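Take a look at this single chain, the form predicted on its own, given in structure tokens.
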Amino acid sequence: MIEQVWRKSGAWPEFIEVMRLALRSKSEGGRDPSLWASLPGMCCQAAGGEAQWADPVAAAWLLFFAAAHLMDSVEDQDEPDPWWAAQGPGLALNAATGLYFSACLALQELNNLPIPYEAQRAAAVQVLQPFLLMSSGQYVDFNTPKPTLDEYWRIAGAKSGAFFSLACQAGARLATDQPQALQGFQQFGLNIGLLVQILDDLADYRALTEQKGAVDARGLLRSLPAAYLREVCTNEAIERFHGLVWKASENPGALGEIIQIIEQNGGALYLLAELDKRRSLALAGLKRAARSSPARDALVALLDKLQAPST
């Protein structure tokens, strides 16, 4: 469907190839977004529809995912992907622009579905509307270098949580307009997004403890363990932690003390507890949304793939 959208658009072949490269890139941490592209179809099927009805939503979601990943990489000044490293962020932003417009065109394929127009329109709005919320989350993230715990969850919910919830809710909306079901799918997707965020932070923390690569001070200060410390530690301990973070890249002793502060104050245990909590909330939302069925069982199996990395 994505290739068809590109062929119809009249975009030049060399630009289409750049968008293909962007679409094939893994997200941060090597997580493959195609694993989650089945969410709209599975939620549509669990809500009583046909999985293929949600293909336009899934295509748009993948395109938006790739575009957002590119934008985040440029805005956060991350290590570039090989295909745009030589030409710089301008090429990445150009590809992201193309992916955004491609996603909007993919949503037009909803018009060809054998379902009421109102369901088509509602699903399209459900995909597009949350992007202002997600952009707001990114804005707040930029301007909050040391988030409190409440700020962390607000930002994570507006970014990762909203992105996954729209995939589930939009897919389900193609098959049902029942508020309780849609709210349940929204809760399921939101908590999947938060689980993904927690797992990314947990993987970063485990890499820190294993001393793999340079310490990203800005990323560490924005992470869930750091936000948790600001909630539970004294001002003196927090200031000590902040000072050590900027020394960790060149001082193994500072890195060891950072890990000790996080461990002694329960930071790592808090991440694991939140994983259990968010999984339970996701399951509760799914139970509220749909009756037992093979499609619902498949969604549970997809949720089970979100496991903490082995120690």
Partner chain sequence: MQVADLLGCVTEITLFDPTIYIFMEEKMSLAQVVHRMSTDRDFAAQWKLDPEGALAQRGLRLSKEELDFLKVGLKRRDPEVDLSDIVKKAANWR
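Positions refer to the first chain, counted from 1. Fair warning: this is a prediction, and the values are worked out from it, not measured in the lab.
Beyond what is shown, the protein has a form predicted together with the partner chain; the following relates to that form.
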| property | result |
| --- | --- |
| Non-hydrogen atom within 4.5 angstroms of the partner chain in the predicted complex for each of 25, 106 and 214 | no |
| Contact stretch among 56-64, 260-268, 42-50, 245-253 - heavy atom within 4.5 Å of the partner chain in the predicted complex | 260-268 |
| Residue (of 194, 92, 99, 226) lying close to the partner chain in the predicted complex, criterion heavy atoms within 4.5 Å | 194 |
| Contact flag, residue 2 vs the partner chain in the predicted complex, heavy atom cut 4.5 Å | no |
| Contact test in the predicted complex: residue 139 vs the partner chain, heavy atoms, 4.5 Å | no |
| The partner chain contact in the predicted complex: residue 80, any heavy atom under 4.5 Å | no |
| Residue 121: touches the partner chain in the predicted complex, heavy atom cutoff 4.5 angstroms | yes |
| Sequence-ordered residues of 148-180 touching the partner chain in the predicted complex, heavy atom within 4.5 Å | 149, 150, 153, 154, 157, 158, 162 |
